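A lone chain, given as structure tokens: the form predicted alone.
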Amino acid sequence: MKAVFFDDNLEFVEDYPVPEPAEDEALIKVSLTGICNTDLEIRKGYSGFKGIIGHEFVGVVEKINGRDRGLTGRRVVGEINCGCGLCSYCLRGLKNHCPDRRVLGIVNKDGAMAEYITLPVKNLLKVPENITDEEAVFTEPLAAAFEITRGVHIKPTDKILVMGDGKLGLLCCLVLNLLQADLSLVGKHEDKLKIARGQNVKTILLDNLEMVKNYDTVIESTGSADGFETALKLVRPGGTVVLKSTVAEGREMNLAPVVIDEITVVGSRCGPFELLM
């Protein structure tokens, strides 16, 4: 099959073996794949991954090794974390944190920038007929945006700032705007900020942003190594910073403001798909 393979360099290959589904896994023909900032960071060395990249997808189930569950021939999306199913984390419903997990296109499992992928049947979710492929392919990042609301209690009276006007930042705004809080998005690109304004989200060009600590919660989704440090300059004492970026580049920084201002720092990654459809 054709695939986009990464091994220190990104390469398009035309003769990659079609994967065979293990027990209780499905073979899925990929219809559409999204490009995530994490994919770009993998090219810089993030996670040390080698293999087929890509984890945002929609496709059609071609066959299942095990119980069908009515999925063969159906359009599906899939949660990307594959836990062992036996450890204490998996048994508590925390497969995303399984020490032996494989993650589609990120950790020890070939990803979706290929003609075929495999995933456990339990990871798959049917796509309703009224949702297009172009919409369904956003399921994974949209679920990641909703994960913020599971980790942080946001009140309608809160003042929220989303940093970064890329795909994830925009999706975070669409989700948080449902909570009717005082929400703003800061970014560098006027055309992207316009998308947020179309959904009644206040926007700020980065050059016009005042570095004042007056936000109850700051969502860091810039995809940059210095995003966290900037977020600490904007969150109020006693406030919360939510980290959504995954970056390959490391850097030294002063964490004293976290202690001095008693800031809560929340890591936020993948979210459950079943909440979306």
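On a predicted model such as this, the values are computed, not experimentally measured, just so you know. Numbers for residues come from their place in the sequence shown, where the first is 1.
Another form, the form predicted in complex with a further copy of the same chain, is not on view; read the next lines as being about it.
Between 25 to 33, 53 to 61, 232 to 240, 66 to 74, the stretch whose residues reach within 4.5 angstroms of a further copy of the same chain in the predicted bound form through a non-hydrogen atom is 232 to 240. At a distance threshold of 4.5 angstroms between non-hydrogen atoms, E210 is out of contact with a further copy of the same chain in the predicted bound form. Taking non-hydrogen atoms only, V4 never approaches a further copy of the same chain to within 4.5 angstroms in the predicted bound form.
Taking the partner from elsewhere, H97 is found to have a heavy atom lying within 4.5 Å of a further copy of the same chain in the predicted bound form. Put simply, R101 is close to a further copy of the same chain in the predicted bound form: some heavy atom of it is within 4.5 Å. Comment: a further copy of the same chain is not present in this chain, but in the predicted bound form one of I260, L10, V13, V18 has a heavy atom within 4.5 Å of it, namely I260. For the stretch 41 to 75, the set of residues having any non-hydrogen atom within 4.5 angstroms of a further copy of the same chain in the predicted bound form comprises only Y46.
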